[in-house]
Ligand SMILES: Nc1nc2c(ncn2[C@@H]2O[C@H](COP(=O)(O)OP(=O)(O)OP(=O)(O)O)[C@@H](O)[C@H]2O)c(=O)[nH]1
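Listed next as structure tokens is one chain, alone, in the form predicted alone.
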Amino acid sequence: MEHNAIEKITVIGIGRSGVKIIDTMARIQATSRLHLVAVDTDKDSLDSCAVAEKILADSGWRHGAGCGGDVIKGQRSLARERGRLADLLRDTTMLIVVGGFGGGTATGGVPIISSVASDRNIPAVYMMTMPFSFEGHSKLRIAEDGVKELLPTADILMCLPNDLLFSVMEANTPADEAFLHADIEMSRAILAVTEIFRCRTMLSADFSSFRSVLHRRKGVCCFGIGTAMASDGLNRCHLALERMLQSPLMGGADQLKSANAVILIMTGGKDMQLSEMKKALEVAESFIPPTTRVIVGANTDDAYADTIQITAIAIRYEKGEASSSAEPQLLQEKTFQRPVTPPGQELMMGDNQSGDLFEQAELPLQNISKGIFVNSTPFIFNGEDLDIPTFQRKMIIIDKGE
């Protein structure tokens, strides 16, 4: 018997992209052991989804018409469903949330789900796609703001760029077929992640391993999944490795070579031999530079009889995020203007003869964040943004008596 490390895994698809992925997962037999939930503010999106459990968020106010890409509406809609979300997660031992950043429901609503999961101490993984480059700067900017909002509170945040589809698919691939492939690959990626946590029978790559390389770090994740059966030939491990590198969401072997960290998982049935496991993992690691951190796991599951599956997650941090002590980033960068000395006045500088001005260190209190007003139209009066608190606008340093 296999050891079930995680008793109940809930997968929530939020927003139109997330609901489509959940709908694809519902049609895969291997996902029957997962608790699948579709959440959206758009009734039409939910009506076309095959998942049994659905939440039409904020139906009393939105009437199933969606958020129209408005992040604030998405945030408010999911905030009104906190009670239902808490009941939904009552027996959940692990949560996976999937969706697309750049729209209204997912970008605004995922932080609400994160807050509910945090209140219930449920470990959570957020697998969010980023917009295509051709979707425009405004949508990409909304997606980036969504990442910054979620990053400080999420256990694990994986951002998968949709542009990876262009790296492996032919230019003449029909658009519908390309998006269908993306949904299928995302479904397989989610299933692979759940298998990592659900089965721990050999080399263990647990939640803590994932958290150590992804917690509060902004970066891009590329997913590769390759599966081969015994009927495919004698060297099924080599074939699974080739298919992993050719996965639409991996983008080729170059993604492994440029990664800061790689999570490498091999799953098979009880017939998987030690020699083929060792050879396959060694070949996979040959694509990875020696300076890259590698986390390796191997599991067996009766559901994978006569089958080998190799899963790779290549993580590339943004500049400045490689340090393990990376701090959460603010939604807005703080600003500071150096005080100007009035004509005829001099600063008392003691022994400092360099002519440089001393600057008082800025207290953390001076960090400027407009919170939920960050994506709203600013209320400007006499050249001042009134959505920013007065003491921050006027750069007042509060004496705390220390």
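In this text, residue numbers run from 1 along the sequence as written. Just so you know, these numbers come straight off a predicted model, no measurement behind them.
There is also a form predicted in complex with the ligand; it is not shown, and the following applies to it.
With the partner omitted here, the residue from Lys139, Lys148, Arg316, Lys279 that has a non-hydrogen atom within 4.5 angstroms of the ligand in the predicted complex is Lys139. Only one of Asp232, Asp301, Glu144, Asp183 comes within 4.5 Å of the ligand in the predicted complex through a heavy atom, and that residue is Asp183.
In the predicted complex, at least one heavy atom of Cys67 sits within 4.5 Å of the ligand. Using a 4.5 angstroms limit between non-hydrogen atoms, Thr129 touches the ligand in the predicted complex. Using a 4.5 angstroms threshold between heavy atoms, Phe101 counts as touching the ligand in the predicted complex. Though the partner is left out of this view, Ala312 does not reach within 4.5 Å of the ligand in the predicted complex, counting heavy atoms only.
You can rule out all but one of 93-101, 290-298, 258-266, 151-159: in the predicted complex, only 93-101 has residues with a heavy atom within 4.5 Å of the ligand. The partner is not shown here, but in the predicted complex the stretch 32-53 reaches within 4.5 angstroms of the ligand through a heavy atom at Asp40, Thr41.
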